[in-house]
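A single chain, nothing else alongside it, follows as structure tokens in the form predicted alone.
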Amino acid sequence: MAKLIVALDVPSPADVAPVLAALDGPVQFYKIGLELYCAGGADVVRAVTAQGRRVFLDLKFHDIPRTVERAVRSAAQPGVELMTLHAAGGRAMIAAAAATARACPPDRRPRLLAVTVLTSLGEDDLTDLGVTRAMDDQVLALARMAVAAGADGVVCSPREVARLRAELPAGTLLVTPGVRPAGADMGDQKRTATPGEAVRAGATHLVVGRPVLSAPDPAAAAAAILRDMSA
């Protein structure tokens, strides 16, 4: 069954414990992104894993291969199960990162996810970036390259999941942000779907932030998402 990951998109380490307490039970997997990691560093990761929670470290590495290779080695620690890098960094960068991840001790070995096209971008944004392929084709091309280079999976919007599930090798992780319950505010996301739609399309992990964290009852909001995923 697909896993629900709640994004710890909070400004400081002091905000983490209340979220973990509010969601104790329905949620065991959390994403730590740039905002929180810049505020608290590796100590934030340790604080979350010390509570027995699983961590998706979403720092989206994108640099020359040697720098990314060293960053993966530095960021890998017990409890970090998933880690991101940009597919746009290229085949050599992804291969170097994957080799480093595989060389980590078993308790510190993350599974690498290549970010294809951010869910905040639309077709017009690709044109601005000089990309002439359609969105689906661009996502598929980056995903194929990344998996061939050694990535364990990709990050994509829910709208591309079905095509990637059909085109990529069995067992490829498909992690989808841009998930919004029916009727929820889209925020800065442009390519979205409901939790149930994402799971039916073949997603393995759903990343949800504001619809849970901003809800009057975060635990109830998470439980509703899990019910939609199960159904």
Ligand code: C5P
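All residue numbers are counted from 1 along the displayed sequence. Fair warning: this is a prediction, and the values are worked out from it, not measured in the lab.
Form predicted together with the ligand: not shown, discussed below.
Though only this chain appears here, would residue 207 touch the ligand in the model of the complex if you measure heavy atom gaps against 4.5 Å?
Yes - in the model of the complex, heavy atoms of residue 207 and the ligand come within 4.5 Å of each other.
Answer yes if any heavy atom of residue 7 is within 4.5 Å of a heavy atom of the ligand in the model of the complex; otherwise answer no.
Yes.
Please tell me whether any heavy atom belonging to residue 211 falls inside 4.5 Å of a heavy atom of the ligand, as the geometry stands in the model of the complex.
Judged by the heavy-atom cut-off of 4.5 Å, residue 211 is in contact with the ligand in the model of the complex.
Check whether residue 177 has any heavy atom within 4.5 Å of a heavy atom of the ligand in the model of the complex, and answer yes or no.
Although the ligand is absent here, residue 177 would touch it in the model of the complex, with heavy atoms inside 4.5 Å.
Let me know which residues along 94 to 120 have a heavy atom within 4.5 Å of the ligand in the model of the complex, or say none if there are none.
Contacting residue: only 119.
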